[in-house]
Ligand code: GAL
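Next up: just one chain, as structure tokens, the form predicted on its own.
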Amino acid sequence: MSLKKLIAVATAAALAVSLAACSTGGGATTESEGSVGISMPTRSLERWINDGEGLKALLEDAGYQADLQYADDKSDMQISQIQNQIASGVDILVVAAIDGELLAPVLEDAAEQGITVIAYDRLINGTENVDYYATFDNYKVGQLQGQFIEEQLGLADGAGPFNLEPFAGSPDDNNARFFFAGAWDVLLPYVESGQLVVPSGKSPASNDDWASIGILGWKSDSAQAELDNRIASFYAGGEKIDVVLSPNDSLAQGIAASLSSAGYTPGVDWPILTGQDGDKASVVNILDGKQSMTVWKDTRVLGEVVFGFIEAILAGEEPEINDTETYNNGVKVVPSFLITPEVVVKDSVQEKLIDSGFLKASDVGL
């Protein structure tokens, strides 16, 4: 069933429940259709603001109660906020975890209250009390980045050597492992063959070592400082970086700032630089030649999938899922719905991001 059809069916089911509730007796006060607690990690990244506000709007427009909380990238704050949502009597929790390893105790409390838990874009690990997971195909995100580098450099045709500096995402984010694995499965063979050279030595020997180059909290300034150090230590003799693997746009923005400070010039010696999310600042950089691509995850679609989950659950139905194998959280394989991401480059910004309404032309100077 297509996503649009899924949402339509779920909406119809919820409407039927609503109509039934409204006919339960003359003049009697009816209960709310449902209450949802939304726990987002931070307001410091553009995408989480969009995700949280977008889902809240979908729910409230449909007549549900929605409590949206942001936890400032602090796990103890997120746990406290979830505890408060449980105490308030929500029916469903939607959680984008800061650290997916730390939520098991509070989700046990949720389970005791009969609350359904949906992991939003980040898997929650080490607990049986996560019912569903909605996300993008995170391995595919990294794979698209790796394939983009492979194609742009002509690696499959034997070109090289090229200087590569790889980065990985936050070690406490389960998704970061999938992003890196997807890219590294493409690129590691070229590192091993010598077509890609990593002068800094920040080259994980396998996917399992990805956290050794992770940037905690996905912080732009931390990525900038890291590349500043690599350039000062390993490129002092005039060597040039040819390509930087960045798993997302926030890191890419810091990396771009470091490259600018080091004297790299777009269109002259600027490295290939990857990203993910379609952040406004990174789209501006793409248009200015300071970022080569972003893997676009249309978070509106993710919100619609989760909205469909919620409507089905509140109607007493099973949400539609499309993956029952990939996401093992250490206790169970979590039933999941995966959305396919896509690459955006300078020539496709207008078509994919602007024409679709994801961004306004004025947001990126068009």
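Each residue number is its position in the shown sequence, starting from 1. Quick caveat: nothing in here was measured; it's all calculated off a predicted structure.
Same protein, other form: the form predicted in complex with the named molecule, not shown, and the subject of what follows.
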Query raised in the report: Though only this chain appears here, would R122 touch the named molecule in the predicted complex if you measure heavy atom gaps against 4.5 Å?
Result: yes
Query raised in the report: Is D173 one of the residues lying within 4.5 Å of the named molecule in the predicted complex, judged by heavy atom distances?
Result: yes
**Report entry** 4.5 angstroms heavy atom contact with the named molecule in the predicted complex for Y64
**Finding:** no
Query raised in the report: Using 4.5 Å between non-hydrogen atoms, is Y70 touching the named molecule in the predicted complex?
Result: no
Report task. Identify whether the named molecule in the predicted complex is within 4.5 Å of every residue in the set R47, F179 and W218, based on non-hydrogen atoms. Result -> yes
Report summary line: Of the candidate stretches 108 to 116, 270 to 278, 202 to 210, 143 to 151, the one with residues having heavy atoms within 4.5 Å of the named molecule in the predicted complex is 270 to 278
Requested in this report: Between 280 to 298 and the named molecule in the predicted complex, list the residues on our side with a heavy atom within 4.5 Å.
Outcome: K297
